[in-house]
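So this first bit is one chain, no partners, the form predicted on its own, shown in structure tokens.
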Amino acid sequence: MSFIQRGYLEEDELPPKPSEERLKKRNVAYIECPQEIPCSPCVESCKYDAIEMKNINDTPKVDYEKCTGCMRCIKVCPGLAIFMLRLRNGRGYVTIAYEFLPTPKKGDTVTLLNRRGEVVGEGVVTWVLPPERNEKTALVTVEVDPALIYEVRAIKVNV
């Protein structure tokens, strides 16, 4: 069964991961975009040539050493397929695009969900770019167990 039929990626379908050393330096873009469709805003937005595609229908590849974690790519991805990852002081941080209401606030505790929509834990919101400042899509950074940075792909606001 393919990701299109399942609706989510399995571990063996994910792109290569950045090194732990790289994750400790600063944010890095991690793109989970497996579908070969004509879409390239992430490539066009990157001022550092850290994202490349062989052609408009190819899937984007990130050069983790060139990526500065500037977040331009996550702001423009129409598929919400880009995540910013970081390890700092023994904690993990995942930034996701969030299009639901209510928009969480810094300090909120949220439910963490994996690619299948299953609960994997709780996290604390550490940063929010409100939707009115990013084409109606909020960006939310959550602090998580570092072992979960490749698992957490959505959040549920606890109201």
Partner chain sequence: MRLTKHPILEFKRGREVTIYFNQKPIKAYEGETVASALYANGITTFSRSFRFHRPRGFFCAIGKCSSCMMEVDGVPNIRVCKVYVRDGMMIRTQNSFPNADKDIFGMIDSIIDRFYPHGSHYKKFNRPKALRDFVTKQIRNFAGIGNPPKAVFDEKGRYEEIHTDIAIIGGGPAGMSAAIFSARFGAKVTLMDENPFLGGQLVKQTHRFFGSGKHRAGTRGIKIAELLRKEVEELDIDVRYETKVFGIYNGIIGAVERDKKLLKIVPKKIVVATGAYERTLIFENNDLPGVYGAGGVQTLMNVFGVKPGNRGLIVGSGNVGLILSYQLMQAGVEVSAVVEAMPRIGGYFVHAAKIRRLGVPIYVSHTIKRAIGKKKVEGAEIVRLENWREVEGSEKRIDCDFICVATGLSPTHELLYQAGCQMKFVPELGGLVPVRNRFGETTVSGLYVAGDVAGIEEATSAMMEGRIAGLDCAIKLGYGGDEAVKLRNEIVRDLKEFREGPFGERILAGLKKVEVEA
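Positions refer to the first chain, counted from 1. Since this is a predicted model, take the numbers as computed values, not measurements.
Note that the form predicted in complex with the partner chain isn't included here; everything after this is about it.
Only one of 86 to 94, 62 to 70, 48 to 56, 120 to 128 places residue heavy atoms within 4.5 angstroms of the partner chain in the predicted complex, namely 48 to 56. Judged against the partner chain in the predicted complex with a 4.5 angstroms heavy atom cut-off, the residues Glu20, Lys106 and Tyr150 are out of contact without exception. Using a 4.5 angstroms limit between non-hydrogen atoms, Arg116 touches the partner chain in the predicted complex. Mapping the unseen interface onto this chain, Glu135 counts among the residues with a heavy atom inside 4.5 Å of the partner chain in the predicted complex. Although the partner is absent here, Val159 is not a contact residue: none of its heavy atoms lies within 4.5 angstroms of the partner chain in the predicted complex. In the predicted complex, at least one heavy atom of Cys33 sits within 4.5 Å of a heavy atom of the partner chain. Scanning 97 to 111 for heavy atoms within 4.5 Å of the partner chain in the predicted complex gives Glu99, Phe100, Leu101 in sequence order.
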